[in-house]
Every structure is written in structure tokens, then in C-alpha cells.
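Presented as C-alpha cells, the chain that follows is alone, the form predicted alone.
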């Protein structure tokens, strides 16, 4: 039960009772907020510097406040910053730390012209932007691994699939680079999410701004933001940047899940196209022969988990009135979980790509067994006999049906010649061998973006450049944030030296 009498909370002036234990248990957010402790201290330092710059607090006040905030930062780095559950959140813990060291008056002055409403969304944006850069750098590492494994395999033939059925011959490099291409779009989405996240809401206060003559742009610069979220009501009440980040992660995880699925399928005995390294597989407790692709399977499963976190946020946001609502406290646990699971999945798949063994003999065997070059034979008849493609499609389809009935393949060149002759098409054995050879089929693909070795070489060069640009963007953004932190630290040091 709550104790009667005046509330001891910093916000408790109008309350006649302490918060009930059940209410505190239900509403405190220290576990989720603790990830933002460094951001909360940095944000408080920038806010205090701005207050002094604008003449809202004195230089002596600033020095007293910054002294305690620096102690808090040092304690945090040493793992000694006390985080008390009864203080509800990270913001109150940091303020109380200042109050205990510099006195209640200084703690109170620090909170001038701001609210927990703009503090929490500022901290969240600061933490999220760094994690998005982490994800971008992890994706770049996966892209690099895929590109490295693709090089040298431009002429390594393997079956290409549609509907999980043999389609046309492709190269291992063509297959791997398709994921680099997919991930390039993921990088674009992550970068867009970063740009819209990296705007500063601090100074919006509770919802209406403040009557104090603050300088929001100055705070944004000190915190490494690219600008401010200008509209105060929108700044504190919107979390679409969280939803956008989660949406980008969901699409990324969908693409990663597709790669994981192919590792699962292609590593089966029936496919036999590749072998996952023993260090990234596991066995059975009862069947001693088993080698299970559990890391790839878990990667597929993690995609579903991240999807769920996006739906959680969208459901949370869908009917909120404007302004801050306590529902928004629940935005961070699903966001942190999605970021953690996504980054871990990327790292695991990168390790798998770097160590996987390609069974090139099996790849070549399968390409020759199941009519993968049939399309090229039809194309040859179009190009060399002047027939409509549909006519050639029908001729080759009939040829394939006959060969299947006889238990033969396109590698049975003499039988192919005989059946084509019945359709009025006379081809030499040399022509048939050249057209039906999967390796030669690769070389003949010359269209832009095709599986032909020259095309794939060009694709790899282009994708390498795109990969490098995304990595450059992420690293440049990280350096800008680090420089902002250094600027803030320099100003703090100067203020403390006065």
C-alpha cells in the first residue's frame, strides 16, 4: 500500500501519497533506460551549457552542475553509477545524482526549460542513431564477405532456381552477388532511417516549448544532430522514427532469412551444393550422423522475432492522441531487442559466408542433369533458324518431354540431335554440345546484369563501389558524432576550469 503524506517524488508536489509499490513496479523503466545512460549524461551537459550560454543559469551554477555530471559519466564508465528503481527512469537517476552532489537547487536548475518528455526521445534518438550505424557497418562486413567469396567464382557454374526447380545455369559469383545487391538497398533504408532519426527534439520541453530564451540549434550541434525536430508537439509525441528503423530492420531480416534458407537447403544431402563449417553447425543428441545448420535456421527464426517488434510498435502508436503518452515508454524494449537480434544475425551469417565450402563438382553435375540449358537451346534456334521464340519453346519443350520419358538428358547429344531432326531442325553434334554445355551457356549471357562472366565482373565492381560508399557514409556519420562529443567535452572542461 502507498504511504499517506506528501509524495517524495521530484514531481510529487501536488500528490498527497507515495506511489504504491504496484504502480512503481508497473511503471518503472530502468532496465530499458539504462542503455541510454551515457546519452542522458551527454544530453544534460549540452543542455546545461546552453542554459549558461543563454544566461538562464550562472557560470557558477554551470560549473557545479557539470562537476557532478562528469562524476556521473566517470562512474558510468567504471560500472559504478547507481541506478535506483524507485527513481523510475534514467533521467531521474541522473538528476538525483546531481542533486546529491551539488545540492537540490543545482539539480533543479538543470531541469530548467526541459521535460522528461523531450529528454527521453532525445536519448532514444541518440542511442538509436549509433546502433543504426553499427548495423550498417555489420551489413557492410557481410557484403564484403560475399564479394570476397564471389571473386574467382565468376565461371563456377551452379543451378539457378525458380519455384525451387532448376531454371538456368548461373555462376556462384552471380548467386552470391545477388545478396550484395539486396543488402545495398537495405543500406539505403538504414541510412534514410538514420537521417530521420538524427534530429534533435531537446528543447521541445513537455509539448509546447518554453518561455525561456533557449537555443535549440546550439544543443543539437553539441549533441551531433543534423538539425532539430522543430515542432515541439510533434517532437515529444512522435515515434515514427522508431517504426521506420524497425521497418528497415524487418526488410533487412527478410533478406537475411532468404540467404539463411538457401544455406539450409543447399547444405542438404539432396542438394549437396555447399557444406557449412563444423564450427557453425551442431549435432543431434540421438542421431550421431547428423550435422544440422542450426545457425542458419535460427537466422530465419530471428526474422520473425523482428517482425513482431515492428507490429508491437505499430500497435502501440496506432491510436495515441497527440503529445507525450506514457504508452511511449514501451517503445524501447522492442527496439533494443530488434537491434540486438538483427546485428547478431548479420554477424552469424557473415561468419557462415566466410567459411562455407562450395561443392563445385555437385553443382556442375546437377546443372547437366536437369535440362537447365533448355532455354539457351530455344534461344539458339531463334537466333540461328529465324523461328519465333514460341515455336522454339514448343520444339524444345517437346524435346525435353521425350528425353524425360526415355530417361535421358541434354547431355545425350546424339539423341537430342535425332529428336530435333524430327521437328525439322538439323543441328550438328558440335552445335548441340556447345549450346547445351552449362559452362558455355554462362559465357553467352551478355545482357546487362546477366550471369555472364564479363557481366558479373562488372556487377562485382559496381557493388563493391556501392558497398564502399555505404560504409563511408556510416563511418563519416560516426566521426561527426564523435567530434560533437569531443566539442561538448572541451566546453565542459573549459567551464570547469573557470
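Predicted model only: the values in this text are computed from it and were never measured. Numbering follows the first chain given and starts at 1.
Beyond what is shown, the protein has a form predicted in complex with ligand ARG; the following relates to that form.
From the list 112 to 120, 260 to 268, 366 to 374, 67 to 75, the contact stretch for ligand ARG in the predicted complex under a 4.5 Å heavy atom rule is 112 to 120. In summary, among the residues 390, 414, 163, 326, the only one with a non-hydrogen atom within 4.5 Å of ligand ARG in the predicted complex is 326.
Residue 332 is the only one of 302, 332, 221, 127 with a heavy atom lying within 4.5 Å of ligand ARG in the predicted complex. In the predicted complex, ligand ARG sits within 4.5 Å of a heavy atom of residue 89.
In the predicted complex, residue 29 approaches ligand ARG with a heavy atom inside 4.5 Å.
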